[in-house]
Structures are given as structure tokens and as C-alpha cells.
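Before any questions on how it binds or moves, here is one chain, the form predicted on its own, in C-alpha cells.
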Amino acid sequence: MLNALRTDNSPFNEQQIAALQSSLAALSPGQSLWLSGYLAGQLAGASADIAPAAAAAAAGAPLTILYGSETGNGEAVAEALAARFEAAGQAAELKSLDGFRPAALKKLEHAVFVMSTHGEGDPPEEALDFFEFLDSDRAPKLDKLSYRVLSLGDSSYEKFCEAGRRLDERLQALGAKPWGPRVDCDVDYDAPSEAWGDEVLEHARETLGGGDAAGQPQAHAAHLSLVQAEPAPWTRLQPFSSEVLRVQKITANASEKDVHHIELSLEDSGIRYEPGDALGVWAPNDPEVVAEILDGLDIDPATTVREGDRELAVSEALAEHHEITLLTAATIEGLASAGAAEELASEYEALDDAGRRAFLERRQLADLVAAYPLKLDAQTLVDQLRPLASRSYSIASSQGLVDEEVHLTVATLASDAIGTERRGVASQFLNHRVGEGGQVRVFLEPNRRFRLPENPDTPIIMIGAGTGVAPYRAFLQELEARGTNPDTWLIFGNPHLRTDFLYQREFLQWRADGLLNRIDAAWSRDQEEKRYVQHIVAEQAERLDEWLARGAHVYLCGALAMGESVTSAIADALVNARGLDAEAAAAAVANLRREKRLLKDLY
């Protein structure tokens, strides 16, 4: 439609038309809806001819949209739903569970929940207090509440969509009535979440009244309580093609880890990120691994398969569209059943929970093909595989210093279950396949829950292991670019000082310049007894407490297990430094989280 714009049929000049076509073509459908609704609301709000009371009445009773999000996906889904309501002139209130008073739940009559699951079945950090309230004796009866739940998760984890399931069951136990079944979404959540949104919007029209039958934005769209940043110019479904500027290994050759520093160009993308954000990366599967799989199954790579409403070669389907490096329980069961592999099925079923997790984590599809007599044709094979998902990496740079670039710190994921080394799809692609001058499809994943303090004088304590140091490089670059100099303390862990001190020269230079006040490092394999970052927290209990007393913000970045251990160590440190009992120390840590002074980016 934008291509039809001309200077003779619109009020725009040629430069304005070119800018519109360039900017709006990159928007997702949800972003386009939000923008249209926003503009309509703004224009209508400027008109003195609109009666606010009449507009509110026309919108009907509002639906409350509540979300709990860890990485931003749940938030994006909720915002897209709110945008659709606004564009349709249907009243809605969008609220994060982080800012929602749980006690207000008893006053709600119509609500929907978008709930992400984090880690091993946990609710997002911003929803912890809400879940604690629901599970307590203080939770009220919710007989008046009619609701629906959309749950986001990753089926590669054992407790898939666990937080959404827990929420749904607890709401029903308290007397709330679901008007439709819970929808559990895997990593390819776009289509099911959009279909769920269709049902929610239609239900709101039928039960709450209001809305514009033609689906056009109305003045009463301003009834929506929505606060949102400008839409990103590129999205998960419409990524930006970025040129690789630099690929540099930053662990020594003798290291057991293979970590690379990656620099990508964002020139002309319009992407603006902040320290703490992540970058989503789409990486194709290794064509050599695809060929190995097809050869092992005796499938001609040119065999045509159907993907939705189109046909393509099975080699392309595996390379570009399906997961072959990440297995799930459903994938194992589906392949064993469809491929008549009784040995695979019986071996997997005989394992306990820990054994099944290890089986899935250490194997890829190529390992199954090599180790078990699977009998699969091309179509059956692709039907059993999950859609290929993007991968996320914490950004390791500040645009205040690197301008139209973005830097990543990428560790090559490796496994060896049957004697053949396998590597992760994105880490292998970035570190060893694409090369400088190549193209990588990327999109921004904002993380507003992992930002530098608003007060430039607030002390910060940065705790991370391995590539968890990436956002702290971004933080310090940002402080350097701003010219601010709060007290900063880095606690970093990796196996060996000699081979694994990531960005050593930069961190030591910042310390020498006074931008970084203190570095404490835990080299886990440099002595007989293993030593990790949580041990430093325990040893530095008095210093930690002194920094906290001055209002310090504590950041944790790295593996989930590391984050849990450090959180426990902080509580133990408060026991020792303040003389608290364990319950009071746990409450103090919970207060740090509520005050947004304990911030986590864990995976």
C-alpha cells in the first residue's frame, strides 16, 4: 500500500515518502496496529469535538491485560494485544505484574494473563511477589473473575510453561472462571499467540461491549492505559541483515573454552540499544551436519517437503527452518515412534529425570541418526522437528563508544555424546562459519530489567561468570562515554587466569584509570579446591554490606545455577555482616529485588 504513495496523491514530498516507505515497511503487524491506534488516539485527542464521556462509554468496560515477562517476549505479546484493542476501539488496561498490587486482583472481573516461564519452571522475577501472594493464606476468593491465560515457554526444558500452568490452576482454586482453555506456546509463539489474541478480542466485544465493528481506531482508543517505547525498526520476524566486522578469539589456545568477540555493523539500521539489552540472532544450521543427517537416513537432499503452504527441498528445510541441534522429550518420542526405533524409545524411557536431561543436553539429531536405526522419509522427519528458534546474546558494547556497531561475547557450545563433537547452531555459526564480511540476521531484544541506575552516583556491583561478563563491558563503556564515575566493583569467574580472563586488557585499563574501583576474580581450576564467584561474595561479606548500605545495585549475569548460588551467598553474607537470622536475610534479599537493586540476566 505504501508503494502507491506519490506526491500527486498525498500531502508528502518525495523525501518524506521515501522515509515513510523505508521506516514503515520494517514494522511487524502488531507494531503497525499500535502505531495506527496511537496516531488515531493522538489526533482524536486533539479535537475539541470529541466528548470524552461518550468515547469512554463507546469503548465498553475495560479488559485488564496482565503480563509477567523475563526476556521481553511476554511483554511484547501483551503490548501487541493491547495495540489490537486500541486499534479496534476496545477498552483495555495493560499492566506488568511488577507494578500490579496483588490485593487489587479481587476487584477484577475481566482479565487475561500472558505468563512466561523462566529457568526450571519458575515465574519471571517481576511476577514472584504475585505468585507468592496467590499461594499464601492472604489470597482472596476470586469468584467474580473471568480470565484466560497465554503461557510462553520452551519445550526443551522439562517444566514447559510451568508458570502459566501454576497460575491457571491457582486462579481456578481461588474460584476464578476461565472462559477458554490455557494456550501453551513454544518458542514459535507468533501464530498461536495471535490466534489467542483473536479470541480474546472477540470475547471482549461480546461480553464487555464497545469496539468498532469495522476495526477502525476511534477517539476512545485513548482509554487504553498503555506506556510503550517507540517500536523497534527491526523485529524477530523481520530481522536486520548485519555485516560481520570482526571475529576474534579471546580465550587462549590452551583454554578448554572457545570464546570469541564478535563485532557487527548496525549501519543504516536505525537500531538503538542500551547497555543491558540483548541481541537476537538467527543462525542457519551447518550444511555439513544437514548432509550427514540426510545421508544417514538415506534421504535425497533434493526431496521436496511441505512447510505450511509452500514446498521446498528437505535440505533447505533442515538448514533454515528446523531445530537439529536442540532436542526435546517430544522430539525423542516422536522420532522413536515415527521411525520405528524401539531401542531409542526404551533407552530413553528407562532413564530417570536427571538422566533424561543429560541425554537431551548432550545429543543432537545427528547423534540419534548415527546411533539408532531410524526409518524416516523426508516429510515424516521434518514433521517431528521443532521450528528453528533464534538465539539471544547479551550485548557487550555501548553505542556511546562504538556508534553503529554491536558487540557480542560468544562461547562455542560443544558436546560429545557418541565420540563426535557437536556444536551449537548459533555459536558455531558466529565463531567459525560466517566470517568477517558475512551477513547475520539480527534484532534487538530490549531488557529494561537490567539497566544502569538512573542516579549516576549509585555504586554498582557486577557479578558474572564466563560470558556473563559481556553486559559489564557494556556498562563500563557507557560510563566512560557519559563521563560519570560511580563506585564500581567487578566479581568475575572462569576456570583459569592465564587462559580465560575475558577482556583482561580493557578491565585492567579501566581499573588503572579509576573507572573500575575493584576487581575480584575466582579462577575455579587454578587451585586444588574449586573456587567460584559465590565464594568471593562470602569472603567479602563486610564490604558487600557496606556497599549495599550506600545504595549499591547488584547485577548477576550468567548461568541460572550461578545466579542461584550467588543469591544464596548474598543472603549468607547478610547473616554474617548484620547478624541476621536466615529468614530475615532472605527477606532483605527479597527487598533488594523489589527495590530493583538486585537485577538478574540469567540463562
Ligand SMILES: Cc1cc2nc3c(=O)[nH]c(=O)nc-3n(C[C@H](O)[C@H](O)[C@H](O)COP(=O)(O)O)c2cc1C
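From 1 onward, residues are counted along the sequence shown. Quick caveat, the model's predicted, so the values are computed rather than measured.
The discussion below concerns the form predicted together with the named molecule, not included here.
- Taking non-hydrogen atoms only, residue 494 never approaches the named molecule to within 4.5 angstroms in the model of the complex.
- The shortest heavy atom separation between residue 249 and the named molecule in the model of the complex exceeds 4.5 Å.
- Residue contact check for residue 109: none of its heavy atoms lie within 4.5 Å of the named molecule in the model of the complex.
- Although the partner is absent from this view, residue 94 stays clear of the named molecule in the model of the complex, with no non-hydrogen atom inside 4.5 angstroms.
- The stretch from 78-86, 197-205, 519-527, 115-123 that comes within 4.5 Å of the named molecule in the model of the complex, counting heavy atoms only, is 115-123.
- Though the named molecule is absent from this view, in the model of the complex it lies within 4.5 Å of a heavy atom of just one residue from 318, 474, 152, 463, which is 152.
- Though the named molecule is absent from this view, in the model of the complex it lies within 4.5 Å of a heavy atom of just one residue from 100, 133, 489, 157, which is 157.
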